[in-house]
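Just the one chain here, laid out as structure tokens, in the form predicted on its own.
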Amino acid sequence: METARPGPVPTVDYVHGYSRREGRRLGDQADTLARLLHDGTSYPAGSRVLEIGCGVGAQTVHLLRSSPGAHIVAADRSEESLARARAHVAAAVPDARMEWHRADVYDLPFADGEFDHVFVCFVLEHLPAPRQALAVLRSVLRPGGTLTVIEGDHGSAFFHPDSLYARAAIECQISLQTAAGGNPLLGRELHPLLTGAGYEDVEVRPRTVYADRTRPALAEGFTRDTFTAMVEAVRGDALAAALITSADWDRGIADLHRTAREGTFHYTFFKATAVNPSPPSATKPSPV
């Protein structure tokens, strides 16, 4: 029996845009945080794994490397992103066993129970109806199959030296993403979201990034090239919406760069795993 799937949901624009600069930022983020975020994620040989919202393939490369025998199926709604993902994966993992699909998370072109595992990274925070998306993903996941979700939470960012201007710039990014229909604080909501969508054995654990001058790779790769670059990218929209003045924005970004050079920076990601429960048996017990 097929699982009923919810109807389509209006899509929203990806708040960070699809520029090549954003593609590089996603790659920097994936490479810098690969050990932190992908630790413990490995799929058996022969299993079918759906990566939904694969974007430019930044996370796909690390999935392929950690699970070389698995069959990865990557899907995204942007044809441009998929083209760049194919090129990125072909260069990084030339012998990869892959499928690519243009698809919307609310309207997937896959059969019920087609996948053994589903991987979702930095996707739900951009969706207007994340619980509905999780329900759709359940429909294509076999009973007993697993879901892995990784999300950030921009409210978890704190740093030294503190700066009201830097905080105001970060708040601009949060406000713009919220106005676009997303939720930049979604990480803290993963457990109730997953249980509300019908998953079982839900486990959520924080994955914390801490950077200072003794960790230059993190200070550069995450504080500067990932987080600060993400905030910098919304400058035009923030000024157009009159969320901040140009002078205050520039000072806030300068203070974030100072943090990368000589301060400390903290941010928490949340990684969840869950199981698609098996349906109750339709067989009635025999009378005693």
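All residue numbers are counted from 1 along the displayed sequence. Here the structure is a predicted model, which is why all the values come from computation and not from measurement.
Keep in mind the form predicted together with another copy of the chain is missing from the figure; the text below concerns it.
J.: Going by heavy atom distances of 4.5 angstroms or less, which of 125, 104, 189, 114 would be at the interface with another copy of the chain in the predicted bound form?
T.: Exactly one listed residue reaches within 4.5 Å, namely 189.
J.: Quick one: from 185, 96, 135, 108, grab the residue that has a heavy atom within 4.5 Å of another copy of the chain in the predicted bound form.
T.: Among 185, 96, 135, 108, a heavy atom within 4.5 Å of another copy of the chain in the predicted bound form occurs only for 185.
J.: Would residue 73 count as a contact of another copy of the chain in the predicted bound form, using a 4.5 angstroms cut-off between non-hydrogen atoms?
T.: Output for residue 73 is no: heavy atoms all beyond 4.5 Å of another copy of the chain.
J.: Does residue 156 reach another copy of the chain in the predicted bound form, with heavy atoms at most 4.5 Å apart?
T.: Because a heavy atom of residue 156 falls inside 4.5 Å of another copy of the chain in the predicted bound form, the answer is yes.
J.: Applying a 4.5 Å heavy atom distance criterion, does residue 144 contact another copy of the chain in the predicted bound form?
T.: So residue 144 does not count as contacting another copy of the chain.
J.: Might residue 202 be said to contact another copy of the chain in the predicted bound form, defining contact as any heavy atom within 4.5 Å?
T.: Residue 202: contacts another copy of the chain in the predicted bound form.
J.: 203 to 211, 117 to 125, 136 to 144, 85 to 93: which one contacts another copy of the chain in the predicted bound form at 4.5 Å, heavy atom to heavy atom?
T.: Among the listed stretches, the partner-contacting one is 203 to 211.
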